[in-house]
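Encoded as structure tokens, the following chain is the form predicted alone, with no partner shown.
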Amino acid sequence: MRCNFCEDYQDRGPNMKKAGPILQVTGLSKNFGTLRALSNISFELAGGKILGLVGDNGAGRSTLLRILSGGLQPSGGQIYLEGKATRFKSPADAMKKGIAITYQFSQLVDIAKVWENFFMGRELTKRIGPLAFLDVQKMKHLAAGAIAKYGHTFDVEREARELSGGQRRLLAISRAIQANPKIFLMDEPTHGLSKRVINEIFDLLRKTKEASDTSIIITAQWYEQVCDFVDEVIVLRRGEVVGHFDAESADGGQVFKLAMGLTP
């Protein structure tokens, strides 16, 4: 069953690769004291595929992404990256291993300029004799070029607080993509944005997937927000997987009932 939310996205691309899983999650759980936020989560993600995680508030979507990006440590279970058991010690460790993430509320420094936000934490330097200096001009040039490559133009000298909500989200996404991740995690990227900006984001992600075979996990409260973009969907409710479908067999009504705890 197809939906109409993103009608510009009827084409998933002709070259969907059938590769082995780049990511495997088995029996993952997370407890906060006596509260169990995740319970026995298991799934696989193939290279170049897009997985949607949907569920109502409290389903555990964001908690799962924080574990996969090194922001939280699991209470149990195992994560395998390209077949090797791993545990991300921190977001920086996850990034080194090829996991990038953007959050619903883009983590930008408001008083920093666009180019500063673009290279924050991975600043470029140049050497003059024995001394190293920030290569400001190169960072400005590369930031402007990357943003333009993704179909947008805004002054890299502007402070992040001057950008619109859509521009902030696009900056955060393009910054993450520029790091060339193996897996790109996106927490509620459509929240609060216009349909035009959502389609721009999906177009950017589709091009990224096709160009580099990047795998993507994207969260949303409702399946209709991502239904024309994902290859698979996992339905979460109260920290448990209650449904797992490929895009062709997923039914919006059934997904809604599962997410809300209603009888399908």
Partner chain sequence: MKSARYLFGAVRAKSMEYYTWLLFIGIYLATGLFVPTLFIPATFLNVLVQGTTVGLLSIGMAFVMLVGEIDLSVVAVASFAPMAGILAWEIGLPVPAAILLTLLVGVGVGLFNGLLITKLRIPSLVQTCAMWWMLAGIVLVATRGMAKAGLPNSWMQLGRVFIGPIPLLVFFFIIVVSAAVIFARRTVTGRRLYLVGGNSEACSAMGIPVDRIRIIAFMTSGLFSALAGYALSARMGFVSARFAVEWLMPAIAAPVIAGLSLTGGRGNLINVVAGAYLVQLIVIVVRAGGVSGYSYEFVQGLLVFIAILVDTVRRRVTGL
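Positions refer to the first chain, counted from 1. Being a predicted model, the structure only gives us computed values, none of them experimental.
Separately, the form predicted in complex with its partner chain exists; it is not shown, and the next lines address it.
Heavy atom to heavy atom, is residue 161 within 4.5 Å of its partner chain in the predicted bound form?
Within the cut-off, so yes.
When the contact criterion is heavy atoms within 4.5 Å, does residue 169 count as touching its partner chain in the predicted bound form?
It does not: once its partner chain is placed as it appears in the predicted bound form, residue 169 has no heavy atom within 4.5 Å of it.
Counting only non-hydrogen atoms and a 4.5 angstroms cut-off, does residue 74 reach its partner chain in the predicted bound form?
Output for residue 74 is no: heavy atoms all beyond 4.5 Å of its partner chain.
Taking its partner chain as it sits in the predicted bound form, is residue 123 near enough to touch it, meaning that at least one heavy atom pair lies within 4.5 angstroms?
Within the cut-off, so yes.
Name the stretch, out of 132-140, 148-156, 77-85, 180-188, where some heavy atom lies within 4.5 Å of its partner chain in the predicted bound form.
Careful reading of the contacts points to 132-140.
Only counting heavy atoms and a 4.5 Å limit, does any residue of 61-94 reach its partner chain in the predicted bound form, and if so which ones?
Stretch hits, in order: 91, 92.
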